[in-house]
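Take a look at this single chain, the form predicted alone, given in structure tokens.
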Amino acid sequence: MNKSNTGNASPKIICISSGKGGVGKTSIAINLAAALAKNSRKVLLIDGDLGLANVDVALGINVRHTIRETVEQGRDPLSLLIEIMPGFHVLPASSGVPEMANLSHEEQVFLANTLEDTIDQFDYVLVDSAAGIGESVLWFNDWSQENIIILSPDPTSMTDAYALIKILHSRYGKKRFNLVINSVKSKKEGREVFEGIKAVLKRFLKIEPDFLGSLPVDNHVVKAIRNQKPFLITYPDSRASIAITEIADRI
């Protein structure tokens, strides 16, 4: 996933997804964006859970305008951005608006074209999609150039991650997937979980995923979530912060 950023190069668009909720996807997306920004990159994090937003809650920010205004009113997405730290901006979504989770094909095309016309100032555009296999999840993954799937050692997480990858492969022809294993007891466990799902994907889908790394179980993550701050910023020397920095370096 290496990318050389020069001049007016187009941004790398990366969708961060998970087969099931509760695996730490949004926390990873936020801290990955922060890690890239700390590395002198300009990063836009789009809350891709269009009808049930949570990036703003996770960051403790007050949102007045959302991506819904782009879809319904044609508003410039750049006017909706919230700066979290130098180089890191968020495009918030709406909450409690179910119709936003089921955009029509025409609305999807309009949103994609509008975003592509306005994101050239960024090096990376990260999309924190909703969990599961809903239409918005699939659409954002199809729109993105790279796909990161978050899973945990929980067998249901692995099963649901496989289902998501299978749909993206069969419906959209996606063949390249980057996996991050969250909430592991050790790097060894992270590698073992990866090798397990890799074997299944290779056997049944003829896909060989890439391993971006794993994040350990870390109490600092829980504390940061409760304080609505990125753990990378609040606890920069924590095990989780070191791990997310390593993942950002690989990207």
Partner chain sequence: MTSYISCNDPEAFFRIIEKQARHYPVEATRITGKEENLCGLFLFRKGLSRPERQKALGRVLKMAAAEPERAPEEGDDPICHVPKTLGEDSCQVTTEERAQLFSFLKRESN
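Fair warning: this is a prediction, and the values are worked out from it, not measured in the lab. Residue numbers count along the first chain shown, from 1.
Below, we refer to the form predicted together with its partner chain, which is not included among the displayed structures.
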### Message
Given that its partner chain is not shown alongside this chain, does residue 166 nevertheless sit within 4.5 Å of it in the predicted complex, heavy atom to heavy atom?
### Response
yes
### Task
Give a yes or no for residue 58: in the predicted complex, does one of its heavy atoms lie within 4.5 Å of a heavy atom belonging to its partner chain?
no
### Query
Even though its partner chain is not shown here, does residue 162 get within 4.5 Å of it in the predicted complex, heavy atoms only?
yes
### Task
May I ask you to check whether residue 192 falls inside a 4.5 Å heavy atom distance of its partner chain in the predicted complex?
yes
#### Entry: The single option of 80, 111, 131, 158 touching its partner chain in the predicted complex, heavy atom within 4.5 Å
158
### Query
Looking at 225, 197, 184, 207, which is the one with a non-hydrogen atom within 4.5 Å of its partner chain in the predicted complex?
197
### Query
Exactly one stretch in 148-156, 89-97, 114-122, 68-76 has heavy atoms within 4.5 Å of its partner chain in the predicted complex; which is it?
148-156
### Message
Check for me: heavy atom within 4.5 Å of its partner chain in the predicted complex, for each of 215, 218 and 246, yes or no.
### Response
no
### Contacts with its partner chain in the predicted complex, stretch 87-113 (heavy atom within 4.5 Å)
102, 103, 104, 105, 106
